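The chain that follows stands alone, in the form predicted alone, written as structure tokens.
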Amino acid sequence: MAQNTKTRSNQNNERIALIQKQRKRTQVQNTMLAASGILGFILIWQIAAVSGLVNSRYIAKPLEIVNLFIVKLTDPNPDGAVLGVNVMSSLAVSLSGFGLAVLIGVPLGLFMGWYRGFDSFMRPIFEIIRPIPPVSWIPLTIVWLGIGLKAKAIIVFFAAFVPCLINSYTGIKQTSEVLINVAKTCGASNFTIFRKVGIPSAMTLTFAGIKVAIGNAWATLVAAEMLAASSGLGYMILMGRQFGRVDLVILGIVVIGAIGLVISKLIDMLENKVLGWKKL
């Protein structure tokens, strides 16, 4: 009996090791494909710019963007700030508004989706706020708070708040009735079921909403900085347009995309850690 148990344990360990090896191989292949796609796009871009298929007045060469990136690390011209200052300014605003949206929107959506009375109380307020474009808050926030960090963070908050709430609300609404009934049969209270069954079930859609929210946050931030800022990536893009610097505009866009990619990967890592039990 002991020998059979040991044999089965060894077989299970071998299977787990094989699965992990296959996952690593798949990850390497996906990484190589992603890198190939990016390099291929840059190559096509460079060929189109060098060959004259695209007018240099409308698009800069990739090598020019790389050179400008190096220059902007130390040169504040023409927008008045080096690239690091612009990046930190935008990160401070976007992460402040985005973090506030997650801290408020996710719990609010979970409670609205679980407790019908609270849903009836909050839904009319949310339905009034939801269709209002975040950019439309810019004039009011300028009047109330000026053009500082708080004003722009509030604008970003409104952009990120809606997807956080809607997805967490939808996720907990889709909690399996079978799991809820099993928990009730075991004598669990409503709040215990909410905490141990509802919230874990809602996490997949909740993280999807968070990913949408970070995209909305950056899009709205750029618009806010174009209208009410003295630094930031959006402001840098606006200055590039005013000075006719296509390379500066493209550099701002590329940096925003790169930062968004990094943040998205960090959210994926957090999601894998929180939802690791789903892979068991």
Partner chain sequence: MSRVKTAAMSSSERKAYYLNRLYMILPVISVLLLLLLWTTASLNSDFPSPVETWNRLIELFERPIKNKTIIGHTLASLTRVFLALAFNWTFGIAFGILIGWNKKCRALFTPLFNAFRAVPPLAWIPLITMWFGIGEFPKALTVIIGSIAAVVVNTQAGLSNVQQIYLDVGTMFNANVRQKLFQIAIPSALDAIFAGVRTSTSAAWMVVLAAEMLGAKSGVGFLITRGMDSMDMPLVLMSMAVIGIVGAMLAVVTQFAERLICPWTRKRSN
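We call the rigid core whatever largest set of C-alpha positions still superposes within 1.5 Å between the two forms. It should be emphasised that the depicted structure is a prediction, and the values quoted were computed from it without experimental measurement. Residue numbers count along the first chain shown, from 1.
Separately, the form predicted together with its partner chain exists; it is not shown, and the next lines address it.
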**Request:** Establish, in the predicted complex, whether Phe111, Gly148 and Ser230 all lie within 4.5 Å of its partner chain, using non-hydrogen atoms for the distance.
**Result:** no
Its partner chain in the predicted complex has a heavy atom of only one listed residue within 4.5 Å, and of Asn77, Ser120, Asn190, Gln174 that residue is Ser120
Only hit among Val50, Leu63, Leu43, Leu33 for heavy atom within 4.5 Å of its partner chain in the predicted complex is Leu33
#### Entry: its partner chain contact in the predicted complex: Lys211, any heavy atom under 4.5 Å
no
**OP:** Answer yes if any heavy atom of Ile38 is within 4.5 Å of a heavy atom of its partner chain in the predicted complex; otherwise answer no.
**Re:** yes
- Query: Does any heavy atom of Leu261 come within 4.5 Å of a heavy atom of its partner chain in the predicted complex?
  - Reply: yes
Item to complete: Please check if Ala153 has a heavy atom lying within 4.5 Å of any heavy atom of its partner chain in the predicted complex.
Response: no
Answer among 101-109, 67-75, 86-94, 132-140 for heavy atoms within 4.5 Å of its partner chain in the predicted complex: the stretch 132-140
Contact check, 240-258 vs its partner chain in the predicted complex, heavy atom within 4.5 Å, ordered by sequence, gives Gly240, Arg241, Gly244, Arg245, Val246, Val249, Ile250, Ile253, Ile256, Gly257
(message) Once you overlay the rigid core, does the Cα of Lys211 travel 2 Å or further between this form and the one not shown?
(response) no
